[in-house]
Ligand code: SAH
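Just the one chain here, laid out as structure tokens, in the form predicted on its own.
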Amino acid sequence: MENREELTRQLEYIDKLKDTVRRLIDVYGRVPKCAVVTFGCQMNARDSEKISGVLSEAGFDITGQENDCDLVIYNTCTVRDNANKRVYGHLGTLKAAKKNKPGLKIVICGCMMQEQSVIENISKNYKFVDLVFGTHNIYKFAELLYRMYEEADSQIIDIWESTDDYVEDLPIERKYKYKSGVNIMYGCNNFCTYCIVPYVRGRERSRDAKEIIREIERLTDDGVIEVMLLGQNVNSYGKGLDNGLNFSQLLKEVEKVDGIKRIRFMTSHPKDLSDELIYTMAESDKICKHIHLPLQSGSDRILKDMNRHYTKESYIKLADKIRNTIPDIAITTDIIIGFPGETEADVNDTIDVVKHVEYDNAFTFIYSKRTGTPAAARPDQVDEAFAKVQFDRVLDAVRECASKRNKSLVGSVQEALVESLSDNDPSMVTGRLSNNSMVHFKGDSNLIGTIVPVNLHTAGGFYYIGDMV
């Protein structure tokens, strides 16, 4: 539940941090600079906006340049081993920087910090890190940072195993003026055998719908026209709440908010996706024509070992129902290759699903063993070379289907939310279509944050080139 008393307490700590910043200004002769570096998913990105909001309110200068900062914060991910390695690589660089700049403060937080083995490693081999905290007590960031500057003469480690509380009304520094993520729930109850998320994010907890709507209304007052509703499994939203509102009903409430023009959400678990949700999406003018529906594997045997609670047949039936009910929808997915015990025949089943569903895009990964999960303890780990060959096969199938889907929109006019100037050509802007594809077309910065019609005349790999109508 939302803890209003804790909100008041943390706001008081932000005021105390303002005094700390004024003291640092006297020491440095300038405003202290900080960087917030984010690893991982949209929920991590939202958490980083909360961290940045506290820093900005306290008076820090958020520059984004790690090598020129007085305070560096890493908000970590631990879904795959590579994410952990990247964090340790960054820390190795900062260790040398701290020798030359003793006043540099280093903070690590997020999912990776909920692993006991990581904490043991940090406390033993990375003693130069000043503050460590996890996912459950992020709302205490102002208090922890104040302690780091004012009280601590050694490393602070504050990790909670779980919590039922959350605080949502602290300051937020959004990356985009015109769109925002909104947490509707926390944690996960699914315990897929390869996934560490339930262990680091905790069990499912849904926010009250009235709190969510109030937050979205405040966002629209601040110029937001697109919201993304965030949860590890949004389809199970509402379980355990007294008001009985499910995810489809929540979407209908969000639709009623004046000023909101687009609604997105992620992620959907196939086992919980209802007919009601499909029909709600089909009837809506605001819900974007895109759904992310993780497959992970097309093999019934592997799906059972993964604890996914659906079959190849039931997944295909669900995808067909979505396509038939919402013909212009884009379906994207996640696929894991190299799960313990996987054979070439299992991968063939996955490729069958890819070709049948014809995904608009797929995020394909080689299995990463996560200590503490059931799959990590299995003796039948797949050979890396074999996994790489199968990964390439699946990737080829995904690219072929995505290219076919992409070309189907060429010649049509679609609405695009302009997000930025093009990275490659300052005379062009980059927009996002309802189906989540990107489009590049001639325009200037005045278009950013607006929705404009675009004629799509060329299809790239996963993007379009067009002209504003």
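Keep in mind that this is a model prediction, so the values were computed, not measured. Throughout, we count residues from 1 along the sequence that is shown.
We do not show the form predicted together with the ligand, though everything after this point is about it.
Checklist entry - Does the 4.5 Å heavy atom contact test between Y194 and the ligand in the model of the complex come out positive? => result Yes.
Checklist entry - Heavy atoms within 4.5 Å of the ligand in the model of the complex: does I336 have any? => result Within the cut-off, so yes.
Checklist entry - Does R80 reach the ligand in the model of the complex, with heavy atoms at most 4.5 Å apart? => result R80: contacts the ligand in the model of the complex.
Item to check | Touches the ligand in the model of the complex: R207 (any heavy atom, 4.5 Å) | outcome: R207: no, not in contact with the ligand in the model of the complex.
Next on the checklist: If the cut-off is 4.5 angstroms on heavy atoms, which of these, T332, Q390, Q296, S299, is the one near the ligand in the model of the complex?
Outcome noted: After the contact test, the surviving option is Q296.
Item to check | Heavy atom within 4.5 Å of the ligand in the model of the complex - the one residue of S368, S284, T325, N183 that qualifies | outcome: It is S368 that has a heavy atom within 4.5 Å of the partner.
Item to check | Options 239 to 247, 72 to 80, 151 to 159, 379 to 387; stretch whose heavy atom lies within 4.5 Å of the ligand in the model of the complex | outcome: It is the stretch 72 to 80.
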